[in-house]
Ligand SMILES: Cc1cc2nc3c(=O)[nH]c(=O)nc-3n(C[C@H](O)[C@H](O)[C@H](O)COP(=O)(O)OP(=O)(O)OC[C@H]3O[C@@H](n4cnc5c(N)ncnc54)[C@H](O)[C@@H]3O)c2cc1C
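Shown next as structure tokens: one chain only, the form predicted alone.
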Amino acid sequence: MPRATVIGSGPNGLAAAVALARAGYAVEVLEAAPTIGGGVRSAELTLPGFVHDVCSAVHPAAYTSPFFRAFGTGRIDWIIPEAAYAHPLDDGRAGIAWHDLERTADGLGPDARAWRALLRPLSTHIDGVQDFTGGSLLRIPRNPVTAVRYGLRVLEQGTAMAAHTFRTAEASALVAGVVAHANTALPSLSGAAAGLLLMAQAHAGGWAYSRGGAQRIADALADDLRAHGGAIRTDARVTDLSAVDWGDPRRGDLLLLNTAPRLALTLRDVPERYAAAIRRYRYGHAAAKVDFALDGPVPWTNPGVALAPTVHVGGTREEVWTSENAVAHGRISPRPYVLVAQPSVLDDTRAPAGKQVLWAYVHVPANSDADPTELIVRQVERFAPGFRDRILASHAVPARERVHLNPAEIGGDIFGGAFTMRQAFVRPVLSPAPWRTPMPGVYLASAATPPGPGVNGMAGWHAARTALADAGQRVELADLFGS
């Protein structure tokens, strides 16, 4: 039986491991941390009984992912919020993006028609959008009409035209808050590309997250891997692949890297052209995160904001753009854009009765050692007076320390590489199959390969499928998981 060794147990590493184990390989996963999951881990970071997500918290890409749909969404207890995300403004105003597109549009008054025009063609054809964005862009999309619609909207929202799409502050802020996820100067084409996919997913599958914590996603994948003969070894940090006994590619053995691509350069006989391309691969700005244990719900001025597990805190579109552009110039805004997740508003397993957990981060320059706690508290207080008084405990992780949580987060870059338009095509190399390396039997299976960041398992699946095809075994998801 051929062997497959996977370095890293993030969602992409586990997706690749599951696929290969089901295809008949003897799979072993090596994980540096004491617990599995990479970007989908949960832990009691503040006080006993408060379950916090260590990295990612809400997973819209997972619920609509072709890989997870084939794997079986029923294996994870998904919560699909009625209110996908919210964006509070001053004076008690707020934009609410509901799972229901029509309800969202109706709440935006004069911008109802513009909201429908922007998102209905994408959300109703989410499979076409995901096909176009879910693999290498160096190919003809299966649904070219949807790809063109998506591209035109990216051009609109990724340029100065975005300032003229909507008339209300609520609609403009709703878009800006999602586009700002990309952690890049705004407006930008890459930010719009990422944001439009997320907004379409909100009205399609919804901004789902797993009851009990992100860890449940990793646990479900690990259970399937073990059920098919695979093994996972934790506390197994790999810094030099030349010291890893992963088998012999001449016998069909495989090595898949759910890591930063630069780890591949520790192998012997790496072609210089490939090594140079990997060295040119760029990492982006960072995130600094704080987890809070709260003595009750966040006292949002607008009660509708309390219904949304995801909240974008940052004021108007102009304020969000100013905050993100400050980071792009190496500064931290005094009134930053804050990405907030309050999972316990719908998940009572996360905190003791009557209490809540809050997950929040700000964007900062790479390798920043700034503690963002006070910045986040002040900005949330702006829209939820009394928030500070609800805090029982907090746990901060500056950007410089994120690499200790996840070695793939170079400089605190949670996306595994700068999400630019260039690196949408060159991720990490320009190739129709960037998961394949020139080293026999070695493949990349991380967010540094298409489709990029997001908990969707697709980079891992693409790497596994490419490896299987190279070995003469052409399989699709339905072949492994059933139709």
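Heads up: residue numbers just count along the shown sequence, starting at 1. No experiment lies behind these values; they were computed from the predicted model shown.
We do not show the form predicted together with the named molecule, though everything after this point is about it.
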item	value
Heavy atom of residue 359 within 4.5 Å of the named molecule in the predicted bound form	yes
Residue 306, heavy atom within 4.5 angstroms of the named molecule in the predicted bound form	no
Contact flag, residue 428 vs the named molecule in the predicted bound form, heavy atom cut 4.5 Å	no
Exercise: residue 368 in contact with the named molecule in the predicted bound form, heavy atom 4.5 Å	no
Interface segment, criterion being heavy atoms within 4.5 Å of the named molecule in the predicted bound form, picked from 418-426, 434-442, 57-65, 42-50	57-65
The named molecule in the predicted bound form reached by all of 183, 189 and 325, non-hydrogen atom within 4.5 Å	no
One residue of 298, 391, 238, 332 in contact with the named molecule, assessed in the predicted bound form (non-hydrogen atom, 4.5 angstroms)	238
Position in contact with the named molecule when the complex is considered in the predicted bound form, options 130, 104, 172, 406, heavy atoms within 4.5 Å	406
Sequence-ordered list of residues in 19-39 near the named molecule in the predicted bound form, where near means a heavy atom within 4.5 Å	30, 31, 32, 33, 37, 38, 39
